[in-house]
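Take a look at this one chain, the form predicted alone, written out in structure tokens.
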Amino acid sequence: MTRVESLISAVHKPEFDILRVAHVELVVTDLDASVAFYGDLLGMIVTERTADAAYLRGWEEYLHHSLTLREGPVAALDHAAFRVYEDADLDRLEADFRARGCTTRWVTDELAQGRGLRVQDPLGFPLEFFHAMDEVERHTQAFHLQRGAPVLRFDHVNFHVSQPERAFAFWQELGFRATEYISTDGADERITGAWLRRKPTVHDVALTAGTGPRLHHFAMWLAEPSSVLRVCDQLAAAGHVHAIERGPGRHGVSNAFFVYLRDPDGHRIELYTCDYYTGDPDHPPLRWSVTDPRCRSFWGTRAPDSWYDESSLVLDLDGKPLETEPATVDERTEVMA
């Protein structure tokens, strides 16, 4: 077994139980423009709006929000949040992160949410863990009201990381399981992309080699491939064709149908559907060679350089942009070698 195979196959069962990724909070420079993009164009529900923030959700979600937009001077990721099984898991997580030497902070003032644990993880990412959130009405079958794609629910986050294998090991230690990965060929095998999950789909967290720590994208789930096509038509008709960065297409990794969009601040959102079940305990991780043109796009279409090079800044727990460092491996170089 190679070093990478050994890493990929490792299974950890921590004392806490993380259920899934649940929401992100983005700092945006023009709240009205961002609400228009996510609410009017993509058709998300605006659950609540305050003077400096908006809280949105998908049509089948019953928790108060899965996307927070907060106005600020610099566009960035404030935090990515994960729901845990019970409130006591938060205390167990705090002990775990303190043992790692990470900064932790309790948060009790996030709108509609119970107490939350904020941490700066070993890679620098601002993470939040919570259990309780106010419930609202879900609109799964309100077909007469649905707008946009429509966006149904939050699906995953993808982080740009400078050290993919270190990041991968960290998420495994939190109880995440590998489903698929991309790696280089030869004796010095290196990971260039990895997909890890808690819920029984392909991923809650993906890791992409690149300058980091930065948020590469977050993703919302749609009902079917035609929803991806519909939202592209709607964006183009509304004069926002510039928002479409990559796709529509089908991924090799995950098998999902996708399109990547850029919001008014350049934050990247993926609209995503049709991946597969991964919940069996012996589900084997699937390896893709970095030289296989089908891995990022099953049809062999090359991702634009912006998709590899550009992503959102992330903030520390005091709201300051984090310094970044370049990746130790470049997927594009390996493909062309």
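Residue positions are given as counts along the sequence shown, with the first one as 1. No experiment lies behind these values; they were computed from the predicted model shown.
Quick note: we don't show the form predicted in complex with another copy of the chain, though the next part is all about it.
- Contact annotation for the candidate site: 166, 267 and 323 all lie away from another copy of the chain in the predicted complex (no heavy atom within 4.5 Å).
- The closest heavy atom approach of residue 309 to another copy of the chain in the predicted complex falls outside 4.5 Å.
- Interface residue remark: residue 303 is not counted as part of the site for another copy of the chain in the predicted complex, having no heavy atom within 4.5 Å.
- With a 4.5 Å cutoff on heavy atoms, residue 223 counts as touching another copy of the chain in the predicted complex.
- Though the partner is left out of this view, residue 251 does reach within 4.5 Å of another copy of the chain in the predicted complex, counting heavy atoms only.
- Here the chain stands by itself, but in the predicted complex one stretch of 132-140, 156-164, 102-110, 181-189, 132-140, has heavy atoms within 4.5 Å of another copy of the chain.
- This chain is drawn without another copy of the chain; in the predicted complex, the residue among 119, 76, 232, 90 with a heavy atom within 4.5 Å of it is 232.
- In the predicted complex, the residues of 56-70 lying within 4.5 Å of another copy of the chain by at least one heavy atom are, in order, 60, 62, 63.
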